[in-house]
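In the form predicted alone, a lone chain appears below as structure tokens.
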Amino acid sequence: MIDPVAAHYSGRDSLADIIAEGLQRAGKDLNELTTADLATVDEFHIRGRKATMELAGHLKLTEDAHVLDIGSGLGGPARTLAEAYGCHVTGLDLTQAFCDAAQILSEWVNLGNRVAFQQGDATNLPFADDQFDAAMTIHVAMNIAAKDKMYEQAKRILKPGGIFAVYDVLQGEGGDVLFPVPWAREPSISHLATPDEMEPLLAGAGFKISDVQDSTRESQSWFEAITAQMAQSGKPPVTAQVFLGRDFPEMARNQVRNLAERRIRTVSYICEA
């Protein structure tokens, strides 16, 4: 039986082929692609690559570092870290189609030797204790009910003193989330924590929290800027619609409204193992 969360994200096969077609229609040469060419589809979390780099700045990365990206999707954040810091990144995702496409996209931009992707469960990580120098998770825990297990697993696989960076969508004070949204078409697979719940969850897993940043206002401004840009120059050649399907525009509209009405918040946590 297919996991309902995996099913939400894997409605389309051959994601790499679909992305390639969109890029080629826009005049891109697959042999000359850069990570920036993929950013509109492979960094599909709120605030995109800017948010990824903000997290990366806290991870104390060197070229020798081995990072785990929990819930790696199409691999955009993993490739961003590998390109910016020269480190090695392993991505783990529940959806096999994402892992397959992530590896192909990495080969397109000549980062296949620095990143690797495998299917797996964030609440039961298939890695040894103390294996990674750093770990991150971006817009993933919204689909995970057992957040305590997820964070305990992240702590287990980190070396002592390793940094865990979390950037997620949380339940806001403005009321229930309006569906569909990019992470769920209906409430059964949406499991948002509140800001008041997050710190006890992370501390309970054994982490020391060193920094908390609420970026909700910046997230709303980011969406407004994207809307204005698309009104002027049109939709990018590839977006998250390639794997979220025809109702992606409605998801995006609800995402903006949920932020504006503070039904959701975007918050990041920097933690030390």
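All values reported here derive from a predicted model rather than from experimental measurement. In this text, residue numbers run from 1 along the sequence as written.
Keep in mind that the form predicted together with a small molecule is missing from the display, and what follows is about it.
The small molecule is not shown here, but in the predicted bound form it comes within 4.5 Å of a heavy atom of Gly120. A residue is said to contact a partner when one of its heavy atoms sits within 4.5 Å of a partner heavy atom; Asn143 meets this definition for the small molecule in the predicted bound form. Within 4.5 Å of any heavy atom of the small molecule in the predicted bound form lies no heavy atom of His58.
Using a 4.5 angstroms limit between non-hydrogen atoms, Phe98 touches the small molecule in the predicted bound form. Across the options 44-52, 223-231, 203-211, 60-68, residues that bring heavy atoms within 4.5 Å of the small molecule in the predicted bound form belong to 44-52.
A heavy atom within 4.5 Å of the small molecule in the predicted bound form is found for one listed residue only; from Ile270, Val267, Ala273, Val5, this is Val5. Of the residues given (Ile138, Ala154, Leu81, Ala134), Ile138 alone sits with a heavy atom within 4.5 Å of the small molecule in the predicted bound form.
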